[in-house]
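Single chain ahead, by itself, as structure tokens, in the form predicted on its own.
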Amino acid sequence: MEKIFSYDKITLLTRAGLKKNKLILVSDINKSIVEKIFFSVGKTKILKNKTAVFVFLENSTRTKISFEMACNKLGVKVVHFNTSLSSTNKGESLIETLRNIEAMGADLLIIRHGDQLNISELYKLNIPIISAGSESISHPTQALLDLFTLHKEGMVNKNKKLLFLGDISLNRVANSHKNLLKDWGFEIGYSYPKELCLKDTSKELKYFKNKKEALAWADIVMVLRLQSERKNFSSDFLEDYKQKYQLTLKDIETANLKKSDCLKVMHPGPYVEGLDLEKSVTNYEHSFIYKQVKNSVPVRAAIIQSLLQGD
């Protein structure tokens, strides 16, 4: 694996801490922090007498399980917040509930939430916080573990072209990645339906109307799931989306005919078989999809350790 930093920088890196000991937005991190976390992957230590409270207000499988496994590797006790049994059902505000969790002496808060919480309120709490997904805005740990996956595959700082294919308008992964990956030598491109345009319609966005043209341009394609839980789509739209934006093995083979190096495939999960991509794509030789999942536990463990040690 190619190094992205020199070992003589480690003393400097250990002094570079996350902003207010929180990882909520990608803007909370910088290159030094990324390098420090990556250096710590696989070098985690047992942390004694630490407790993490999980507040997941939206559904999650990979993120929640990987965070819990990461805590287990570190010896961190996990307490799960149950919304249906909480005092929020009695009228207590969510932020007041979080203040009480802080007052109880929790060492870390790991939270996934939608629009029921203003992100700015999290920064006012005096407790280390990791976002496990904030609205459609931010998913910083996914961005970090995907960058780590690309790093392990030797694709960082190599002027690679990365394409986001699919629903980016409400996708917190796309929002986080576009702010992080550009700092590591990636040129970013997009291909999506006009109905799913980004709020930021900056001219800096490299946009492809045609999937074939987009895949011919890309070195890496990050397929994104249609955010059906955030917006209702008609059956006609879904059928059109499938025809124009689903990634198939044939799409990959066609793109590879004109490439000197084979197209790499990523997906942050969960993927919807037959809509986002064909199942056969997950078994494609140059798919990183399960490598992303494999890297999720050690990378999140390194992030947790960094916050709890106050690095």
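Note that residue numbering begins at 1 and tracks the sequence as displayed. Since the model is a prediction, treat every value here as computed from it, not as a measurement.
Absent from the display: the form predicted in complex with ligand CP. The rest refers to it.
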Item to check | Of Lys279, Lys250, Lys43, Arg62, the one that lies within 4.5 Å of ligand CP in the predicted complex (heavy atoms) | outcome: Arg62
Item to check | Contact assignment for ligand CP in the predicted complex, among Ser134, Gln142, Ser191, Asn171, heavy atom within 4.5 Å | outcome: Gln142
Item to check | Candidate stretches 22 to 30, 53 to 61, 281 to 289, 257 to 265, one within 4.5 Å of ligand CP in the predicted complex by heavy atom | outcome: 53 to 61
Checklist entry - Does any heavy atom of Gly274 come within 4.5 Å of a heavy atom of ligand CP in the predicted complex? => result no
Item to check | Exercise: Arg112 in contact with ligand CP in the predicted complex, heavy atom 4.5 Å | outcome: yes
Next on the checklist: Can you list, in sequence order, the residues from 247 to 274 that come within 4.5 Å of ligand CP in the predicted complex, counting heavy atoms only?
Outcome noted: Pro268, Gly269, Pro270
